[in-house]
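Presented below, as structure tokens, is a lone chain in the form predicted alone.
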Amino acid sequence: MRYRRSRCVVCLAALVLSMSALGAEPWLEKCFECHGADGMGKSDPMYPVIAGIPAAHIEEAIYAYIDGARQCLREPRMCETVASLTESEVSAAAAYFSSRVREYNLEEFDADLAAKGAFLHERHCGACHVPPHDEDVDYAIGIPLHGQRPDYIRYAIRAYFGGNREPLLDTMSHELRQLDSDDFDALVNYYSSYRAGN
């Protein structure tokens, strides 16, 4: 998998501002079809929330789809859309969605399971995954999972176990192996309980 970083933060910031003022480029409009202009995902509960994910992580995810480290098993449009993007477009898309504020989807959750999930998160996931409003989110190893759609989290977990996604670190594979299906359900409830700023 390739890991790339934006080369011109000032230029990208100016590009994002111009896109907001003048309307999005056609290639970015394709992203909006599933993720929404706000990055909160549209009608299908499997469209993930990408608002507030640090730009570097969004870039890495896009290149993972381009390189095949992530496979588009359910939504082939994702791979088709990113395949034609230039490096500057990848960086601009990442900068745009990272600048969107992650709200929350008012997902239903079980409070008891969420409490168990909070404990499991701190024990197995919290060292790498912090909430999107955390002051260290840009420096975290993993993306923020709080406020992500539950169906998508379950899909992503199955993809890691099925070999259709490569974990970023061996540590992630190790931690996933410590959990069972009930633990995953508790974690999903915990992430669904997220309310912006709490």
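Here the structure is a predicted model, which means the values were calculated and not measured. When you see a residue number, it is the position in the sequence shown, counting from 1.
Just so it is clear, the following notes concern the form predicted in complex with heme C (HEC), a form of the same protein that is not shown.
* Listed residue that, although heme C (HEC) is not shown, lies within 4.5 Å of it in the predicted bound form (heavy atoms), from 66, 34, 137, 37 -> Of the listed residues, the single hit is 34.
* With the partner absent here, would 46, 75 and 172 each sit within 4.5 Å of heme C (HEC) in the predicted bound form, counting heavy atoms only? -> Per the other structure, all of 46, 75 and 172 touch heme C (HEC).
* If you check in the predicted bound form, is residue 56 within 4.5 Å of heme C (HEC), heavy atoms only? -> Looking in the predicted bound form, residue contacts with heme C (HEC) do not include residue 56, since no heavy atom lies within 4.5 Å.
* Residue contact check: residue 130 to heme C (HEC) in the predicted bound form, 4.5 Å heavy atom -> So residue 130 does not count as contacting heme C (HEC).
* Partner contact for residue 146 in the predicted bound form: heme C (HEC), 4.5 angstroms, heavy atom -> Residue 146: no contact with heme C (HEC) in the predicted bound form.
* Check whether residue 85 has any heavy atom within 4.5 Å of a heavy atom of heme C (HEC) in the predicted bound form, and answer yes or no. => Yes, contact at 4.5 Å.
* Asked: Across 134-155, which residues bring a heavy atom to within 4.5 Å of heme C (HEC) in the predicted bound form?
  -> Stretch hits, in order: 141, 142, 143, 145, 148, 152, 153, 155.
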